[in-house]
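Below sits a lone chain in structure tokens, taken as the form predicted on its own.
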Amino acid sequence: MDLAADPVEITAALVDIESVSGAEARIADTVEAALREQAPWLEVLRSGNAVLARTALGRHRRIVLAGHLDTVPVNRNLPLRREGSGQQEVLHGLGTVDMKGGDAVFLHLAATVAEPKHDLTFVFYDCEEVEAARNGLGRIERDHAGWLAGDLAVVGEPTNAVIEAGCQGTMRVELRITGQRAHTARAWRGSNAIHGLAEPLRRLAEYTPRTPKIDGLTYREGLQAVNVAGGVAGNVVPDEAVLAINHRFAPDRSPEQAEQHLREVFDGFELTVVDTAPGALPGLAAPAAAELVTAAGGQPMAKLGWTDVARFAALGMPAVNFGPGDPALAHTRGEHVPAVQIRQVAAVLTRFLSP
């Protein structure tokens, strides 16, 4: 794999290395060997199936460029298929969008920007597509925390080649209603827990989410019922019903504030927080982030989902998502990326990092 080549070709090479979560050894071996052989000015570290590399030039600022090497399971979308040519070329296949196009750009930068104006750290990590406890960034933070420090993190998740700053937080809660069982022929002797969901469902239907502006970016919050469970048998009044609710909250709220908000919305009902993850403020006023926005020459957007930028924000640095590909295609059988977007992201980051 020639890291100095067109990043479109690097993308093609990476896609054809199957790397479903938990089986990234082969792609990590390939990335590690390429970096050691073709970018000897970088310090390279292997951590499990993650590969890290960095400069030590004594620059005033450090930029962290991070991308995961794993994919969701194969869905009859390997090997890579190419369509068109030149400005019309499209790469089809697993990982083209999520996120080997972004990885390819970072590998290309590692080999071609030998004298960047900022010190650089490259993080190619494992197990992003599975449960958070297995995410390679967590292991790296525990074992090699200094490698994640910087003034700006750029995560190469797909954004259609537009900078998406920060990210929303997410919280899932369960609202539980208890009642009393009875035979449906004598329903007045019981209390139907499912019927008790009418009021919280009404509140959900009438809920108006916030759309706060942060650093000039508009974040759209959301509150949705995502699952209902209840019922005993076809002739029994149910004595329990559980409503699962997902809340996407803007990064100006902490998880504690988001939880308090939900308890106010559903006052009088029993709520249990099942899981939560904080959001990430965009931090576009930070000098390094402002430089990147200028280099991109376009208006950044708010990230309306959760990504690993939140992990970097928790370490005290601004973080953005910036990569080729349509995020709506991630995890689909029809995953594909325009070659022009891969080159566009590479050009912006080269401009940003070059003296």
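All figures in this text were calculated on a predicted structure; none of them were measured in a lab. One-based numbering along the sequence shown.
Not on display, but discussed next: the form predicted together with a further copy of the same chain.
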query: Stretch in contact, per heavy atom within 4.5 angstroms of a further copy of the same chain in the model of the complex, of 113-121, 68-76, 240-248, 85-93; finding: 240-248
query: Contact test, all of 20, 130 and 145, partner a further copy of the same chain in the model of the complex, heavy atom 4.5 Å; finding: no
query: In the model of the complex, residue 223 touching a further copy of the same chain (heavy atom, 4.5 Å); finding: yes
query: 4.5 Å heavy atom contact, residue 305 and a further copy of the same chain in the model of the complex; finding: yes
query: Residue 300 within 4.5 Å of a further copy of the same chain in the model of the complex, heavy atoms; finding: no
query: Non-hydrogen atom contact residue 197 with a further copy of the same chain in the model of the complex at 4.5 angstroms; finding: yes
query: Residue (of 263, 176, 172, 139) lying close to a further copy of the same chain in the model of the complex, criterion heavy atoms within 4.5 Å; finding: 172
query: Of 277, 271, 214, 236, the one that lies within 4.5 Å of a further copy of the same chain in the model of the complex (heavy atoms); finding: 236
query: In the model of the complex, residues of 184-220 near a further copy of the same chain [heavy atom within 4.5 Å]; finding: 184, 185, 186, 187, 188, 189, 192, 194, 195, 197, 198, 201, 202, 204, 205, 220
